[in-house]
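First, one chain by itself: the form predicted on its own, in structure tokens.
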Amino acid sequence: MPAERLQKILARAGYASRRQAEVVIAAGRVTVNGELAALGARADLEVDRIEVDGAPIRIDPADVTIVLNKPTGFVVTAEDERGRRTVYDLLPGAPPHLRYVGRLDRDTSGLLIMTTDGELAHRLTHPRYEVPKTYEAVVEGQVADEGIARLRSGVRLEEGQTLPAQVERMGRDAESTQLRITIHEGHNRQVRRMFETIGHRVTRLTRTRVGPLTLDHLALGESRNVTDAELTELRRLVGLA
């Protein structure tokens, strides 16, 4: 295998995106064959010993990308200082450096992408690529057409104006409204906050789609590998194919 830039190797190993890997290298945390690595250095993982913080990095023959149907009650983090259950508790034997792509809050269920491909993870969460994410929400009260129109135009949050959302009313009863909403950003608790701006509290929220990926009948707590076709489309969406 020809020598590659170190930041590319670190990204493939799941340590960081290429840009973040440059920071790791510049901080003096990477060595090649025992020598401190410099920005722009190249290496061959098959013949060189590459270490980050003194630990050798390894790359599996193929990256792993999965879809997890996250139940409520689980937090999206590797470790929780409060002892709450994490999504990694649902994935015994997960490959090293399997990282979550974006987050779902503890009270939100549904589709969570997890991957060992650091560059893919970085691009899927970068606002530049506007990756669409679809949710089904149940909110308190009757959502008027005016409220839906505001969501479709974009509403103002602390971070600024949201991009226009696709919103569809799916059903309603005397006390609540069920809607499907697709957004193109990933701000913290964004969907809940968007509905709050139009006066409705979300009581149930499930993410059903990210880009081309769906849950595909996965039960809560179960996971599946993405198909080759899904992975190709996902990578094309963020400029990697």
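Everything quoted here is computed from the prediction, not taken from an experiment. All residue numbers refer to positions in the sequence shown, first residue = 1.
There is another form of this protein, the form predicted together with a small molecule, and it is not shown here; the text below is about that form.
>> Please identify the residue among Arg42, Arg201, Arg189, Arg29 with any heavy atom within 4.5 Å of the small molecule in the model of the complex.
In response: When the small molecule is considered in the model of the complex, the option within 4.5 Å is Arg189.
> Which residue among Leu205, Val64, Val67, Ile57 has a heavy atom within 4.5 angstroms of the small molecule in the model of the complex?
Replying inline: Contact with the small molecule in the model of the complex is made by Leu205 alone.
> in the model of the complex, which of 82-90, 98-106, 148-156, 120-128 comes within 4.5 Å of the small molecule (heavy atoms)?
Replying inline: Single hit among the candidates: 98-106.
> Do Tyr135 and the small molecule come within 4.5 Å of each other in the model of the complex, heavy atoms counted?
Replying inline: It does: once the small molecule is placed as it appears in the model of the complex, Tyr135 has a heavy atom within 4.5 Å of it.
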